[in-house]
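Quick setup: one chain, the form predicted on its own, written in C-alpha cells, and binding and motion questions come after.
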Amino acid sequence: MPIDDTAYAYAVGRIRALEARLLDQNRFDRMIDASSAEEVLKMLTESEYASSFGELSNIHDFETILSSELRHIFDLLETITPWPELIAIMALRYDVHNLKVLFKARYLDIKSNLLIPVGTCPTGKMVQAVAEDDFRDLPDRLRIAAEKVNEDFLVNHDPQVIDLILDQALFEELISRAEKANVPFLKGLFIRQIDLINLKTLVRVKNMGFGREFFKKAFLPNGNLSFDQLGGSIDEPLESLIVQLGMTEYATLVDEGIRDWLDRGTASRFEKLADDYITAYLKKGKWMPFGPEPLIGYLWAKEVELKNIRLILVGKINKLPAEAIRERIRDAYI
C-alpha cells in the first residue's frame, strides 16, 4: 500500500456525502414506469443530474451527457484521493475501450462515435497514436499489445484478435498494479471480473461451435477459475458447468444466468447478474472508515448508475415494455 489507510479519512468523508445523492432503486422504478423518454428526462432534471440534463435539447443526444458525467466523476475522485494512482488504474479500462474502437474503425472501416473521454491517455492522443502506429505514451503492456494487434491483424485479418489481445494485456496490467500497490480488495475485484469474462467467453465459444483451442486463446489468466476447470466444459452440455460450479461463489449467478442464456439465446440476464455480483462484492468495503475501498465502490456505483440511465432511456426511446427494461436494470449500490 503506497500510503497509510488513515490518509483516506477526508476522501471517505466526501464519499459518504456523495453516496447520499446516488439514485436508489425506487427512483429507477419510477423512471422505468414513466410514460416516455421525455418524462424520464424530466425526472433526471429533478435529481443530482439537474444541471447536465437540464441543458439537453434533444433526447437522442443523452450519450454526450453521460460521457461528461463519467469524466466528472473521475476528475472529482482524483482530486480527493490521497493516492491518484488508484484512479489511473480504474481508468485503464477506458484506454483499452478506446483502443478497440479506433483499431476497429481503422481495420474494419467502421466509423464510430464511441470514444469515452476518461482514460489515462486523452482521446485526441489516442486517435493520433493509432493513426501513426506510435504507442509510446501507453503503459508498457498496453503498448506491446497495441503493436501486437497491428502485427497480428496484418497477417490474419481477424478482428477478434483486437479484443483478445487488448483484454489480456489490460487484466495483466490491472492485476500487476493491484499487487504492487498491495491492495487485496482491488485485486479481488479484478480477479472476479476476469472469472466473469471467462465464463461469458466459455458460453459464447460453445454457442459458436468453436473448440478448446479457441477458448484457450481467449482465456484470461489470473482468475480464481482455472482454464482446466472451465476448458473441460467445452465438449459437455452447459448444464454440466452449472453442476461443476455449484459449490463456488458463482453458483447462483451461473445457475440463473446460464439457464436464462440457454432459454432465450441472449446474455443480457447473465450480464446483469454479473454486474450485480460485482456490486455485492464492492459493498463489502462500503463502510470501511479508512482506505481506498469506499472510493472503489463509489466509482463502480456511479458507473452502474449511468449504465442504468442509459438502459432506461434507450428502452423508452425504443418503446420497450417497462418489464423488459426492468429486468435489465442493475441493482443500485445504496
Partner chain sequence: MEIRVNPTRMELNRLKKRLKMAERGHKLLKDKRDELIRQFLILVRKNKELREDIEEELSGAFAKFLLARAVMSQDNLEEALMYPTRKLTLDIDKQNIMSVNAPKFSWHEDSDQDEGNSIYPYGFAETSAELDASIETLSGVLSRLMELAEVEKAVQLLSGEIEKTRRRVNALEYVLIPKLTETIKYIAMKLEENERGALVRLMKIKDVVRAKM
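Only a predicted model underlies this, so the values are computations on that prediction, with no experimental measurement involved. Numbering follows the first chain given and starts at 1.
The form predicted in complex with the partner chain is left out here; the points below concern that form.
Visitor: Of these, 128 to 136, 114 to 122, 142 to 150, 178 to 186, which stretch puts a heavy atom within 4.5 angstroms of the partner chain in the predicted bound form?
Guide: Among the candidates, contact is made by 114 to 122.
Visitor: Which one of 243, 91, 262, 197 is close to the partner chain in the predicted bound form, taking close to mean a heavy atom within 4.5 Å?
Guide: Among 243, 91, 262, 197, a heavy atom within 4.5 Å of the partner chain in the predicted bound form occurs only for 197.
Visitor: Verify the contact flag for residue 251: yes if a non-hydrogen atom of it lies within 4.5 Å of a non-hydrogen atom of the partner chain in the predicted bound form, no if not.
Guide: Looking in the predicted bound form, residue contacts with the partner chain do not include residue 251, since no heavy atom lies within 4.5 Å.
Visitor: Can residue 212 be called a contact residue for the partner chain in the predicted bound form at 4.5 Å between heavy atoms?
Guide: Taking the distances in the predicted bound form, the answer for residue 212 is no, it never comes within 4.5 Å of the partner chain.
Visitor: Do residue 326 and the partner chain share at least one heavy atom pair within 4.5 Å in the predicted bound form?
Guide: Result no; residue 326 lies far from the partner chain in the predicted bound form.
Visitor: Can any non-hydrogen atom of residue 59 be found within 4.5 angstroms of the partner chain in the predicted bound form?
Guide: Residue 59: no, not in contact with the partner chain in the predicted bound form.
Visitor: Within 4.5 Å of the partner chain in the predicted bound form, do 63, 104 and 164 each have at least one heavy atom?
Guide: So, yes: the whole triplet contacts the partner chain.
Visitor: From first to last in sequence, which residues of 262 to 299 have any non-hydrogen atom within 4.5 angstroms of the partner chain in the predicted bound form?
Guide: Those in contact are 266, 267, 268, 271.
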